[in-house]
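Presented as structure tokens, the chain that follows is alone, the form predicted alone.
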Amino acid sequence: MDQELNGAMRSVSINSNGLAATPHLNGHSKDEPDNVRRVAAEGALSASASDAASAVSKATNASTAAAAARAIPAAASFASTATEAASLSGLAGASDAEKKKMVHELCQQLLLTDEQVQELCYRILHEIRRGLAKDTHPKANVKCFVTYVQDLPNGDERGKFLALDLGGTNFRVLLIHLQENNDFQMESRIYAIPQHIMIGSGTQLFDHIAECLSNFMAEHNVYAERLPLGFTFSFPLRQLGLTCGLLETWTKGFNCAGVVNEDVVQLLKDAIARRGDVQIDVCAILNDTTGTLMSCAWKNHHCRIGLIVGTGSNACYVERVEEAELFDAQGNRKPHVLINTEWGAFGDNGALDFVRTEFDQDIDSHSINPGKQTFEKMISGMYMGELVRLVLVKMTHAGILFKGQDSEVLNTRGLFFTKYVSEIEADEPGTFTNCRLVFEELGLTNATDGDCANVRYICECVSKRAAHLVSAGIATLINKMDEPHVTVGVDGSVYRFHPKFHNLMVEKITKLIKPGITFDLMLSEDGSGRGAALVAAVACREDIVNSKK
């Protein structure tokens, strides 16, 4: 869960209703061609390389300009070997102004130009269409899975519902009582999953979950009631219906035998039946992104997109049935269905290579899934802090930061937490209170105000790039849906706690969507919990409607 990674983040108030003005798109039309438009963006990053090399040259007493230039290859990347880093050791004596200039030049590779963002929109649309189409879906990176959710909350949902949220080393059980006027009561409990169960059999796992469900219902005095349940299952899933989903592969440290390619809803039902002591109707299975959309749609009926920007990143949206070629629901007469894009895998085929840096490649090569989830690794909270750390290490070893003096913590992977990025950027202009507290935790005791300013700028470049990448994806979905106004429900620790992420997204999306379309971003409340209960509530509502026909 996001709380595990970013629980210590400072809570910064976020305006979750930033309404965008009517923007202009620069020629984006409703039906862009599938052939991906190529621009000269691939070479845009190299433009600053010569300037950066020149700045380094001026700041050192190196005998030749080539020695400095060798430390900064095309695309303004830094020296990657100890020998090259040593050749820049003289930078520690450069002036603050010279160091600032070098930091800004060398961070150019982390900034996306307007042309690159526009190109990203075209490529994202192309990949979404590949995922939706039956012929290209098997090879598509952005899978665009059909969720079989066709109805959104309308505010008339009433009653008690259970939600089960399984997505990590803990899982939650919730009891939600939906009442009039968008009011609700919610009780929940977190249960641990022991390590031996995480790597045991599927039967052990689901028996453990069923036991906890039974205990929860007893504790909350609903043991004798028959209750509907929405099941949030945040692992790769191939859905065959609203209550049928096959596990594609385990992630997050799970490796339970006998579950891959099996229907996890049926496994849960079987475990409940083996106990025979509680009456639970599993009405729907979903992921946390779908839950985010449903949770927001309950309060805001314009919500058509769900977005997660936390430990990971994903989006779902409302699509026309005729566009979703894999949707196979016999007798369906409803015009829309929710699509789970799984856009974290965008770029796994090289579509993002023109904006990736050496730091992105480093992150990927040291990850548990090299070559996978390329888009997510450039955005999410699992990697944002490490991206900043890699830049800091390069600049420190080059003598640009901290007089060339590093620390054991700074040199250790994973110890520059993403919460540090938010905390550093939350400092008021001209002050570095949070920044210096972070430096203390990193064991960096000799930082100047110039170092603080430069580190803040590096954090800003990394987080701004993440916000702009997400914005390109959201703008592409808004333009594809082509509705007059769209609310985007957003959840995740990066969006919640980063002090500027919301505003960065609003500003960029405004520039990218078509004229005449407006949007707003709405902070979701417990999508994986309350959203799951709402999916179950809507399914029950529709069952009642259909039974009366």
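When you see a residue number, it is the position in the sequence shown, counting from 1. From a predicted model like this one, the values you see are computed outputs, not experimental measurements.
Separately, the form predicted in complex with a small molecule exists; it is not shown, and the next lines address it.
For the marked spot (252, 342 and 373), a heavy atom within 4.5 Å of the small molecule in the predicted bound form is present in each of the three residues.
Partner contact region in the predicted bound form: 284-292, out of 284-292, 352-360, 215-223, 156-164, criterion any non-hydrogen atom within 4.5 Å of the small molecule. Note on the partner interface in the predicted bound form: the residue among 476, 109, 463, 314 having a heavy atom within 4.5 angstroms of the small molecule is 314. Between the small molecule and the residues 471, 118, 234, 204, the one pair within 4.5 Å by heavy atoms in the predicted bound form involves 234. Not displayed here, the small molecule is approached by residue 308 to within 4.5 Å at the level of heavy atoms in the predicted bound form.
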